[in-house]
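One chain comes next, on its own, written out as structure tokens in the form predicted on its own.
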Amino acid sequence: MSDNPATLIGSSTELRSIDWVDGAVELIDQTALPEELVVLRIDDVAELVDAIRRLAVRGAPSIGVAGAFGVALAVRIYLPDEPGEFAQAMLSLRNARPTAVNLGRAVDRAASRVSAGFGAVLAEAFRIRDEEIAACWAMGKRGADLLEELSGARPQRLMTICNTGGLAAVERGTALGVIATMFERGQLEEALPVETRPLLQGSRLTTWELSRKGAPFRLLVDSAGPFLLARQSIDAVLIGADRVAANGDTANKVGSYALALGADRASVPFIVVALESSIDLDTPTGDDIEIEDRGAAEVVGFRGLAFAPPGTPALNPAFDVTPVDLITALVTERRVVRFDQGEALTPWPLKNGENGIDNGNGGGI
């Protein structure tokens, strides 16, 4: 498959990580990057669940879209003759990864259209996909505007963790979408992604996306992030989120909390960029967020290379939780919540028919 962005999945000139093409789910296999750009074609629910679990598709928005398309697959395969198998497929999709709230919500939303038939379910999955894409563009603008407000309209040095670009969010991205907008405005001096152990999403994926855009960046060892915040002129830290609790506590890739502590010590803004669908008002605080442990294998070795003696035990939390008092602001597609100014999360009121995407001046588009 060509590396030309115009020939990636879908018709957009932006990188698109997942889509429905000619009756099947097509997704970029993120485990093969950066060495090779591989597109998987999946027409089986169990195979899609496996792709989610092994991180072939990852990032809260992308796995939500994957889950919605998975419901369409399940309807076509199992209904009306095998309702028990369909119910099991729904359970497998919802539980493929527990920390990100988007997956279960997207599965439930697509499944709510089952009574109307396969076409209605697929149409709902496409709506979820399109809303995620529109949201990313809105977040990019809103986040860049906030950075200008905090530091002025000048080139900025921005630190980030994991991968929050088009690979993680269908197109464009959340935190990396803000960095892309800053680059396009001529206001990015340098992006500083950390490598993101143990699976190196920062070094394998974020650098790949930044390189494709031609944006300036330098890669950091994870443990160097807090020190460099203390010693260098960093304008902000930008992270994504897999779940935001009602009080603002935020679960994101493990290592985010350390960057938040370093940013707080250095008085550097720490900004969460996330979809409204990642906000879980039914989860009171970060203490109530289930943190996925992915087992020892990812820690003691990588791609067949052993880093530790055989049988070495390990803890491997995939995420950590940053307390709200360390977060400057939450940027979503609809709003900016300034935690540093005492603002709190509240439900976002939607009028009938409103899609919730805001253009930056308070109006839906």
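Note that residue numbering begins at 1 and tracks the sequence as displayed. Keep in mind that this is a model prediction, so the values were computed, not measured.
There is another form of this protein, the form predicted in complex with a small molecule, and it is not shown here; the text below is about that form.
From the list 263-271, 127-135, 279-287, 162-170, the contact stretch for the small molecule in the model of the complex under a 4.5 Å heavy atom rule is 162-170. At a distance threshold of 4.5 angstroms between non-hydrogen atoms, residue 69 is out of contact with the small molecule in the model of the complex. Contact check for residue 174: a heavy atom falls within 4.5 Å of the small molecule in the model of the complex.
Contact annotation for residue 213: none of its heavy atoms lies within 4.5 Å of the small molecule in the model of the complex. Although the partner is absent here, residue 201 lies within 4.5 Å of the small molecule in the model of the complex, judged by heavy atoms. Note on contacts: among 330, 45, 28, 60, the single residue with a heavy atom within 4.5 Å of the small molecule in the model of the complex is 60.
Though the small molecule is absent from this view, in the model of the complex it lies within 4.5 Å of a heavy atom of just one residue from 55, 299, 40, 326, which is 55.
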